[in-house]
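As a starting point, one isolated chain is supplied in structure tokens, in the form predicted alone.
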Amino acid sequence: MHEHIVKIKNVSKVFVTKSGSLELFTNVNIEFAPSTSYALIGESGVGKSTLLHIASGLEKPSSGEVYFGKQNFWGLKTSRQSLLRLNETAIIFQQYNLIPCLNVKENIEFQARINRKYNRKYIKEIIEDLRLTRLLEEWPESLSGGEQQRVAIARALAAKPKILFADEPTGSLDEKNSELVLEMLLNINKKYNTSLVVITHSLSIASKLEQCMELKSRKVLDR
């Protein structure tokens, strides 16, 4: 069995509201292995995005532990946490979050330059894989939704993450673009051995990934 890239151990998340405590999920255990694709499904409001944020080190659980490799993430110094997030993970959001004052090429290179992983040949290959070559000088506002999502994927991959988290990456796309984006994500998962974790409402999309988990009744269940 492969060693995990990210491991969630006995993780719970509770929010305190005016009407009392709201428990999203409790004692969740997941291991994300190298070069593997995962789907996380569940109804709206069950906490899928929160669980993704916890797995990627963006949000602290109420209890439990998150491991990046053998390192207990929340037991590390803040500077070490930032380095792990920057070097080992990447997140694709449904909103794309492209930088409007940078063109496509500059958006793609942005994160790789920040964490000093810029590699011209590697980035050129990603751009070709995602069919973005003719769009490099364009501004984000001139792109379609599908094109913006592909730029967001390229930017995430440019920094060579070990694991790529995607929060409803096809949620705002039409069927044709949804299929194209999913196909590209799965190709990248295999070509670059990048683990892939996709949050989705679509059982059709989930069925195309290697493992499917459902967040239901405050637990994560294998399907």
Partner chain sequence: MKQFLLVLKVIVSNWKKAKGQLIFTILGIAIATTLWSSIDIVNNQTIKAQKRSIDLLKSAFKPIIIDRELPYVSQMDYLHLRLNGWVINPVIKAPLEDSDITIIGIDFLADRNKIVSSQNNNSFGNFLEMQANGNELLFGSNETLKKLKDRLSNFVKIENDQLPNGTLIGDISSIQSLLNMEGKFTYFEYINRSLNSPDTLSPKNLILIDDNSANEFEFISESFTFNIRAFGFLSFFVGMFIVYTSVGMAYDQRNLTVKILKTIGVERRLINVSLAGELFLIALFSGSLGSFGGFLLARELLPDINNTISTLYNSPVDGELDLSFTWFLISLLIAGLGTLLACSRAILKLDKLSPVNFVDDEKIYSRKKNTISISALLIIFTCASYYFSISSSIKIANFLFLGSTIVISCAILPLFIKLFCHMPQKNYQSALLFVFGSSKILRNLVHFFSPAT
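Remember, predicted model here, so these are calculated numbers, not experimental data. Residue numbers count along the first chain shown, from 1.
The same protein also has a form predicted together with the partner chain, omitted here; what follows describes it.
Quiz item: Counting only heavy atoms and a 4.5 Å cutoff, which of 166-174, 54-62, 29-37, 192-200 contacts the partner chain in the model of the complex?
Solution: This holds for exactly one stretch, 54-62.
Quiz prompt | Residue among Ser82, Asn119, Thr133, Gln71 with a heavy atom within 4.5 Å of the partner chain in the model of the complex | solution = Filtering the options by heavy-atom distance leaves Ser82.
Practice problem: Identify whether the partner chain in the model of the complex is within 4.5 Å of every residue in the set Leu182, Asn187 and Ser204, based on non-hydrogen atoms. | Solution: Not a single residue of the candidate spot has a heavy atom within 4.5 Å of the partner chain in the model of the complex.
Practice problem: Classify Glu147 as contacting or not contacting the partner chain in the model of the complex by the rule of any non-hydrogen atom within 4.5 angstroms, answering yes or no. | Solution: It does not: once the partner chain is placed as it appears in the model of the complex, Glu147 has no heavy atom within 4.5 Å of it.
Quiz item: For Ile123, is any heavy atom within 4.5 Å of the partner chain in the model of the complex, or not?
Solution: Heavy-atom contact with the partner chain at 4.5 Å: absent for Ile123.
Quiz item: Does any heavy atom of Ile99 come within 4.5 Å of a heavy atom of the partner chain in the model of the complex?
Solution: Output for Ile99 is yes: heavy atoms within 4.5 Å of the partner chain.
Practice problem: Verify the contact flag for Glu137: yes if a non-hydrogen atom of it lies within 4.5 Å of a non-hydrogen atom of the partner chain in the model of the complex, no if not. | Solution: It does not: once the partner chain is placed as it appears in the model of the complex, Glu137 has no heavy atom within 4.5 Å of it.
Quiz prompt | Heavy atom contacts to the partner chain in the model of the complex at 4.5 Å, residues of 145-183 in sequence order | solution = Residue within 4.5 Å: Arg155 only.
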